[in-house]
Every structure is written in C-alpha cells, then in structure tokens.
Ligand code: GTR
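Given as structure tokens, the chain that follows is alone and in the form predicted alone.
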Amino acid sequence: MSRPNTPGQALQALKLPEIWPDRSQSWASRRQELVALLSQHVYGRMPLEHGPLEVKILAEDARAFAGKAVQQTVELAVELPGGRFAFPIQSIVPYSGRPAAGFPFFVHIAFRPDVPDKYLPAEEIVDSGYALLNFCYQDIAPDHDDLFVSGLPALYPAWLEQPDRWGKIAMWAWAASRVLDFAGLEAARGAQFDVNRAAVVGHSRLGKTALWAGANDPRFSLVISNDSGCAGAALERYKTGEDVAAITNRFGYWFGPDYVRYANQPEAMPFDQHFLLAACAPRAVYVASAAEDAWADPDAEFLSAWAAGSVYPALGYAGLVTENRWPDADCSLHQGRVAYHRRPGCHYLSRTDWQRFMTYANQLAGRS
C-alpha cells in the first residue's frame, strides 16, 4: 500500500464508519452501542455475574526497593457460577510523598508475575510517585487454545454456549476490573490508592486487553496500549503486517466466534479499531507505537488515534492534537485527551515508554 502524503488524505480515502453519526443521541448511549458492537463482532461479551471480592495477603516485603515501598502478594477471589476463582497480584505502594487522596496507580496486565520485570521498571515507577498493581495474564486463562476448559472460563460454563461468548482477551480484561475492585476496597480503608487516577496498561496482546478493559470499565481514567497492533489500536482498513486473517488463524481463541468472518475483508466490518479507542471517551486514551514495529504498524495506530479523537471536541475536550503530517520516528503528542507517542526501536515495552506514560499522566492530572 502506497502511503498518502498526509494522514488526513489517508483517512479521507479510507471512508471509515462514523463513530457518532447521530449527535442527537447521547454519548453515553452511543458509547454503550460501541461496546456492544465490538463485543458481538470482535472480543465476545463479558459476563457480569460474580460475587463480592475476597482479599488475602499471601506475602509482604515491608522494605521493598531499598525501603522505598511495601510490596505485597495478594490473592483476589470471587465466587462465580461454576465455583470460586482466585488469582494473585503484586501490590507495590510507595512510602513517601503520599497525596491526601492516595497514590495514582497503574494496573499492569503482565506477561510474567515478576516485579520488577524487563517490561516493568517498578522502582522507577515508585520513585515517580505511582503505586502499582501487577498481575500475570496466564493466571487468569492460559494463552493457548485449550477449548476454554481451564482457568476463568471453566467457571462460566453456560457462558461458553452463547453465540457471542467471550474470548481470552475479554477474560484477561475482566481480571483487570477485579484488580480495580481491590484498589477501591483499599482506598475505602485508608486512601492508599487514588481511584480517580487509575490507569490500565498493557503491551502487545495485553495492549489489546488494556483497551478492552478500558472500554468496558469507565473507572479507568487513563487507558494505555503499547504496540497493540491488529485488534488493538491499529486501523484494519489501512493496516500492513498482521491482519485479521493472520491473527484469527493463529490466535482465534483470543476473540469471540464472529471475528474470523472478517479475515481478508476488513472493509465489510461495520466498525474499525477507532471505535475501540473512542469507547474510552471522554476519558484519556494513550496509544504508543515503535518506529520499527511493522507487524503492529505504527502508522495504522496513529491514524486510529486521530480518527478516535474526533469525538472529544463534542464532549468538551481536545482529541489528538497534531499537525497534518506523519509522526517523526521519535515524538510525543500529549496535548489532548487522546495521546500518542512513537519511539525508535522495535516491539517492546521499554523504560522510555513508561517515562512518557507517567509524563502524560502528570500533565493530565495538572489539567483536570
């Protein structure tokens, strides 16, 4: 695909489905329609039935990171239709600089339970005045095609009979909301977490998950996807690299049953991924790309962020604030409620990415 001279020309040629065609309809109503549409056609519908959250502290390091923070391993458990489901999280809370409302915090959907991790500079996050809630996606539902017989889906057996049954991205996103439930309980007991400044973060397939968690759960005030590509932030109608055919062939279990219908025909979709980003509005959404990540396609991610930003002015906020030109290989666009950065390098969640997320979150708090 030859690239048009400007992003504006690219979007004009794509003729994307309109996010909010009838402005007489309330945004709250339209946002619910976007989530329902994406549930039906992409991720599957997320069940809402679960019991109250139970919390158990399994381990504690009161002098973590040279005495800067308390780190706990916490078990979260809920009763589901098929029985009790429990999974561990890591909670890291700084000692110093605690605001009256509690610390702003990141819910990090992680590839591994380790803290720190190659994708998670935990000490730097603590030093920057943020708390951290980290969980491993494999503890929710294993990342392979097991016919949904183990982990979380096994405890919603009737749900899997539904024609719009959920895929594993939705299952991992469900867990992010349970982690947010935990933060709310802790805040009620002593305000160590500021529930008005809760961000959800994920990379690659977990960047897709973070976006779906944010679309479904309006308690996340900031939704961050890093290198999320196909079925994440990137427009399918424009995309090179991984497409619907490739992702459903290899990872069909991530999605609901309907998504495979759009393999090799993205123009038939009554949506595109700018709907997913817009479903977070009027809250802030952050799309991060890597210049060399051709499989995810940074240009398609950028176009999606721009297209999603079109709904924000009607809600009283700036969307993506940018000139009508393709981004530089190293840039940060932090002026609106839709944020974007592109950094040099390849598919990775780096210290640079985290630094820019925190810079934007601080700016966002200053503008609130």
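All residue numbers refer to positions in the sequence shown, first residue = 1. These figures come from a predicted structure and were not determined experimentally.
We do not show the form predicted in complex with this ligand, though everything after this point is about it.
*Asks:* Determine which one of 249 to 257, 127 to 135, 81 to 89, 213 to 221 lies within 4.5 Å of this ligand in the predicted bound form, judging by heavy atom distances; exactly one does.
*Replies:* Every other range fails; the passing one is 249 to 257.
*Asks:* Is it true that R3, D297 and Y340, all three, sit within 4.5 Å of this ligand in the predicted bound form, judged by heavy atoms?
*Replies:* So, no: the whole triplet misses this ligand.
*Asks:* K208 near this ligand in the predicted bound form, any heavy atom under 4.5 Å?
*Replies:* Yes, K208 sits close enough to this ligand in the predicted bound form that at least one of its heavy atoms falls within 4.5 Å.
*Asks:* Just checking whether Q192 would be counted as a contact of this ligand in the predicted bound form - the rule being heavy atoms within 4.5 angstroms.
*Replies:* Q192: no, not in contact with this ligand in the predicted bound form.
*Asks:* Can any non-hydrogen atom of F111 be found within 4.5 angstroms of this ligand in the predicted bound form?
*Replies:* Heavy-atom contact with this ligand at 4.5 Å: present for F111.
*Asks:* With the partner left out here, check for me: in the predicted bound form, does some heavy atom of R351 sit within 4.5 Å of this ligand?
*Replies:* Contact with this ligand, no.
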